[in-house]
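Just one chain is shown here, as structure tokens, and it is the form predicted on its own.
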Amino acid sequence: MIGTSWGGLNALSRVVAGLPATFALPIVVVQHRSPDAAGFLAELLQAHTGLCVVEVDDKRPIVAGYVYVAPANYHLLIERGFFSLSTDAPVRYSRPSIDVTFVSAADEYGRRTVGVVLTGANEDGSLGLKRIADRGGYAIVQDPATAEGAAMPRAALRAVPKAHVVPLDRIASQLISIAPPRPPAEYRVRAPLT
């Protein structure tokens, strides 16, 4: 799970560019966007990675080797093996909310969850990252000194002081170092034929 806001496109582009096409885990991206934002984020990220980047639709299965982007104006929820979308009220003025996605992932996958908080100008993501850490998951926070917006990583560090603080240019390698050599059985879901 990766959450970001202000300055996020640059940060996300650099992270996904550093991941090999054989990366063993699904990546879920929650980027704050305006409610009427066009769905270009997936296309912009696709230009930087050999992984398949898609914007999530409701009930889409979670498959290793994909980068999943939360659509604008929906909360993205993680369920066992698939995604759900919600139009519940914004959280901290945001929909999608990083906290909503992180909390649902932590509740569903516990210690198998990895949460990453990148650059941003508010505190969304801090409560969700705490839930991930409390459930035994792995918490990464972009070093605020390398963030365009330091408020979000600083808030995450206040919530999870023992999180791994990693400069932006080393986050991809950190993810690679903790990824299993192949997807666990929970992620071996075949993508539906379209």
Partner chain sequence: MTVSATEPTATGRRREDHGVVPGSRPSTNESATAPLSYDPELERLEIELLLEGIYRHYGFDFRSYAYASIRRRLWRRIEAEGLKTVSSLQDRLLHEPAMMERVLLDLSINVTAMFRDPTFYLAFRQKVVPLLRTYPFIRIWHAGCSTGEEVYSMAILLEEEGLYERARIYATDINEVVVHRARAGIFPLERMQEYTENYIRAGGTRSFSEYYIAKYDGALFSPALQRNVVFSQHNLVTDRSFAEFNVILCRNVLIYFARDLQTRVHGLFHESLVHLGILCLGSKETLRLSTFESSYEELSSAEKIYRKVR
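Residue numbers count along the first chain shown, from 1. Treat the numbers as computed from the prediction; the structure is a model and nothing was measured.
The same protein has a further form, the form predicted in complex with its partner chain, not shown here; the description that follows concerns it.
Enquirer: In the model of the complex, does Arg158 come within 4.5 Å of its partner chain, counting heavy atoms only?
Expert: Arg158 lies outside the contact set for its partner chain.
Enquirer: Test of understanding: in the model of the complex, would Arg154 fall inside 4.5 Å of its partner chain by heavy atoms?
Expert: No, no contact at 4.5 Å.
Enquirer: When the contact criterion is heavy atoms within 4.5 Å, does Asp169 count as touching its partner chain in the model of the complex?
Expert: The answer is no: Asp169 has no heavy atom within 4.5 Å of its partner chain.
Enquirer: Is the gap between Lys59 and its partner chain in the model of the complex 4.5 Å or less for some heavy atom pair?
Expert: Yes, Lys59 is a contact residue.
Enquirer: Can you tell me which of 22-30, 158-166, 42-50, 133-141 lies within 4.5 Å of its partner chain in the model of the complex, counting heavy atoms only?
Expert: Heavy atoms within 4.5 Å of its partner chain in the model of the complex occur in 133-141.
Enquirer: Just to make sure I understand: among 72-96, which residues lie within 4.5 Å of its partner chain in the model of the complex, judging by heavy atoms?
Expert: Asn73, Tyr74, His75, Leu77, Ile78, Glu79, Arg80, Ser84, Leu85, Ser86, Thr87, Asp88, Ala89, Pro90, Val91, Arg92, Tyr93, Ser94, Arg95 sit within 4.5 Å of the partner.
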